[in-house]
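Presented below, as structure tokens, is a lone chain in the form predicted alone.
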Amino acid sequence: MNNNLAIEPLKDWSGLSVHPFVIAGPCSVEGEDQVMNTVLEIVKHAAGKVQMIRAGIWKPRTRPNSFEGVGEIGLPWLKNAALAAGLPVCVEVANPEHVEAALKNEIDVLWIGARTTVSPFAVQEIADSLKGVDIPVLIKNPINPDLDLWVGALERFNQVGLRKLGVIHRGFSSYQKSIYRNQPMWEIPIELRRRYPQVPILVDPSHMGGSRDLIYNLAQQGMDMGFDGLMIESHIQPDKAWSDAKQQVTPERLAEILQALVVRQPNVSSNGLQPLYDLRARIDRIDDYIIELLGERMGISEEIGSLKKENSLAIHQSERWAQIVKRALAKGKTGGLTEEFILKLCQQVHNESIRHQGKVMEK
């Protein structure tokens, strides 16, 4: 276990050992009745399956003149709704002024939005404003796929003494067209878990999908990855919501999604699972062989680099690269591998090969 971060387990700082830990509520507080009715309906339909209420008070919007939240006036409305439901409540904060207002209204948990996580200056200001305050903080991944930036935000809060920390995976922006509002890129939170297994990870399928039709599948994928919980947006009348209407579900639909989830054990016990260990051992042997072959391939690439240097040839040969990709795609198809996977694999291997040939060229 990586001990660079001193973080308490989720069950210790939340007072609950429920798996999955579910946070739900509207994208935004729009009015006192709206938030109260939504929260009470969530508790009515998803009793016992939702452990915390959420809603936005300040909404960072891409374009001006959009609804940017009701502001501080909505904090007591949200707090009262959570009290009526008998649940703790969390709110997004983007600066020390937000923190002060949230603490004044006894908000239980704070979260840092993706647009804020990208700015170390903003994160440090918020962290400094919380020095000496014992409150849990959840940090959404930055908009861009930068794991070190995400970890850096955790470290900044940890350095001012906060120990009740977790993260929310809400996907990453991409210029590529996709069915998702934000690409899942599961490999990034998986790597975060490998480095820091003590950090609780929640999944936000609402922002990841950007469509209510994708929420269940993404939530299930998050559970299949062994993550700790979910944050799902729910509104009493989602089609009339003032922000992110397409990605919110009714409290009834929320309950259906949570009921349908298949939640598997995140860790393996040794009882009766010898076949699983045998299969893993076979995978380990294959992985070792793949790494050895890749090492051998890079050695050959360096020999090719020497020949290219002697004959004044460019490192990248477009015709040869096209042949490699065509051959790999055909081979991958026979093995049941997707075209997307083969292309990514070829690109990574090609990039490493170029790096090795480049070393030869520089000598």
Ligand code: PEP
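On a predicted model such as this, the values are computed, not experimentally measured, just so you know. All residue numbers refer to positions in the sequence shown, first residue = 1.
A second form of this protein, the form predicted in complex with the named molecule, is not displayed here; the remarks below concern that form.
Student: Taking any heavy atom pair closer than or equal to 4.5 Å as contact, tell me whether residue 228 reaches the named molecule in the predicted complex.
Tutor: The answer is no: residue 228 has no heavy atom within 4.5 Å of the named molecule.
Student: In the predicted complex, is there a heavy atom of the named molecule that lies within 4.5 Å of any heavy atom of residue 110, even though the partner is absent here?
Tutor: Although the named molecule is absent here, residue 110 would stay clear of it in the predicted complex, with no heavy atoms inside 4.5 Å.
Student: Answer with yes or no whether residue 140 is in contact with the named molecule in the predicted complex, where contact means some heavy atom within 4.5 Å.
Tutor: Residue 140 belongs to the contact set for the named molecule.
Student: Applying a 4.5 Å heavy atom distance criterion, does residue 27 contact the named molecule in the predicted complex?
Tutor: Close contact exists here: in the predicted complex, residue 27 approaches the named molecule to within 4.5 Å, heavy atoms only.
Student: Of 79, 212, 207, 98, which one comes within 4.5 Å of the named molecule in the predicted complex, counting heavy atoms only?
Tutor: Of 79, 212, 207, 98, the residue with a heavy atom within 4.5 Å of the named molecule in the predicted complex is 207.
Student: Looking at 156, 246, 115, 163, which is the one with a non-hydrogen atom within 4.5 Å of the named molecule in the predicted complex?
Tutor: Of the listed residues, the single hit is 115.
Student: Taking 4.5 angstroms as the heavy atom distance cut-off, pick the stretch from 43-51, 59-67, 313-321, 333-341 that is near the named molecule in the predicted complex.
Tutor: Stretch 59-67 is the one.
Student: Going through 151-174, which residues have a heavy atom within 4.5 Å of the named molecule in the predicted complex? Please give them in sequence order.
Tutor: Read in sequence order, the lone residue that approaches the named molecule (within 4.5 Å, in the predicted complex) is 170.
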